[in-house]
Ligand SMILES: Cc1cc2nc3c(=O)[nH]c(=O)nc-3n(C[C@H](O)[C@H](O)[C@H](O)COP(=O)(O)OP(=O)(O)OC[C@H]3O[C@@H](n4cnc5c(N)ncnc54)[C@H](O)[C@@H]3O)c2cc1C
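Below you'll find only one chain, the form predicted alone, shown as structure tokens.
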Amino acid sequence: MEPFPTQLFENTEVAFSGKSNKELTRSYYLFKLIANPTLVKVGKVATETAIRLGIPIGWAIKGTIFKQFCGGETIAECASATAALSKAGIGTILDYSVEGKESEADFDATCEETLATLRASQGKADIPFCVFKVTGIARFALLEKVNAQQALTTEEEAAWQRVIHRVDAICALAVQVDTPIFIDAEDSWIQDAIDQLADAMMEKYNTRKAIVYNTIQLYRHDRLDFLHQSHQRAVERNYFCGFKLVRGAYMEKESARAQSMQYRDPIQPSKAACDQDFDAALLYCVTHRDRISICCGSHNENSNLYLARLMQENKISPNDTRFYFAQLYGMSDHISYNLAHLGFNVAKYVPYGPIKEVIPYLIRRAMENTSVKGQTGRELSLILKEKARRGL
């Protein structure tokens, strides 16, 4: 078989097969707006001000940025997005995207919602994974203290045991319904605590195959070594590894904190170094596929193409369940749909939650897409190509 061509992701007919002319035009205007950094910054301030003042803005968001990047406000409302993706051979990763909570009641509610996503996935091939953030079920300050290996008060120790119990309940149900669960990566100064939880859950539940997946942010210069160490630990203790490989989501915050607190910046010295480690991680996981399963969570065309070629070179079937590709809902359809069209396992992160509660997520998506040289420029060029193909 010939290697996959570099222009694999240029097929806009396949990429936008799930969009009507109206939906394609809406996406065009939305990406056109968020390509303007000034508009995005003004919109961010206006949105945050409206929330603070209690001004209802859900109506303005629901039909625009929410519709582009979220599946709905509830699991049930995500059904239409799941069905549309499934029609193209793409799975849904239900992602309850409510953030910034601090009470035990909120943590219990988020835990229960994550359990509900797992129950909804049972027996459904079109929901191949579920996901949660540890900060959704634990106080950030508590994670900081555990991460720093500081002594906990009696009250804090009790709270930490509740966190462990929530994580364990989620992973246990994942095994019961046979749906792998991703534990998302977060800020470096709480990540050690999250890694410890993830490692413990992998050791406990990944006895036959990878059900619990840790997330590795390869824009950190130490994460390739961490991947090697995690794999070695699994070999020594005889369990399977699940890894979601991503570049990362907190670069500016990480560098600013490192500078202000005068410690070594955990971020890679250059984009080239990050790309090199990401692809090295893909190669390592393919090489050690007897024990490792991965999800390549990337919007980088070169890395997705590299993994597809690695699988081909190693005679790995495109539908081998140890290998998945994933992108965010509403973004990089040219990657997701074209890979799925060739028979690869592909899933979309489909965020959901009450509009007011997912606004922080939506603001991040808008901020990430403001660089015309980056994601938005690519999205716009492909949408324009497809509009021209359709004669719009």
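It should be emphasised that the depicted structure is a prediction, and the values quoted were computed from it without experimental measurement. Sequential numbering from 1, following the sequence displayed.
Quick note: we don't show the form predicted in complex with the ligand, though the next part is all about it.
- Figure note: of the listed segments 266-274, 230-238, 195-203, 109-117, the one touching the ligand in the predicted bound form, with heavy atoms no more than 4.5 Å away, is 266-274.
- The closest non-hydrogen atom of Cys171 lies beyond 4.5 Å of the ligand in the predicted bound form.
- Proximity of Ile355 to the ligand in the predicted bound form: non-hydrogen atoms within 4.5 Å are absent; the residue sits far from the partner.
- Remark: Tyr219 counts among the residues lining the ligand in the predicted bound form, judged by a heavy atom distance of 4.5 Å or less.
- Within this chain, Tyr337 is remote from the site of the ligand in the predicted bound form, having no heavy atom within 4.5 Å.
- Residue Ala249 is the only one of Ala249, Leu310, Ala88, Ala258 with a heavy atom lying within 4.5 Å of the ligand in the predicted bound form.
- Screening Thr215, Thr82, Ser121, Ser97 for any heavy atom within 4.5 Å of the ligand in the predicted bound form leaves a single hit, Thr215.
- Residues of 315-331 lying near the ligand in the predicted bound form, listed in sequence order, are Ala326, Gln327, Leu328, the criterion being any heavy atom within 4.5 Å.
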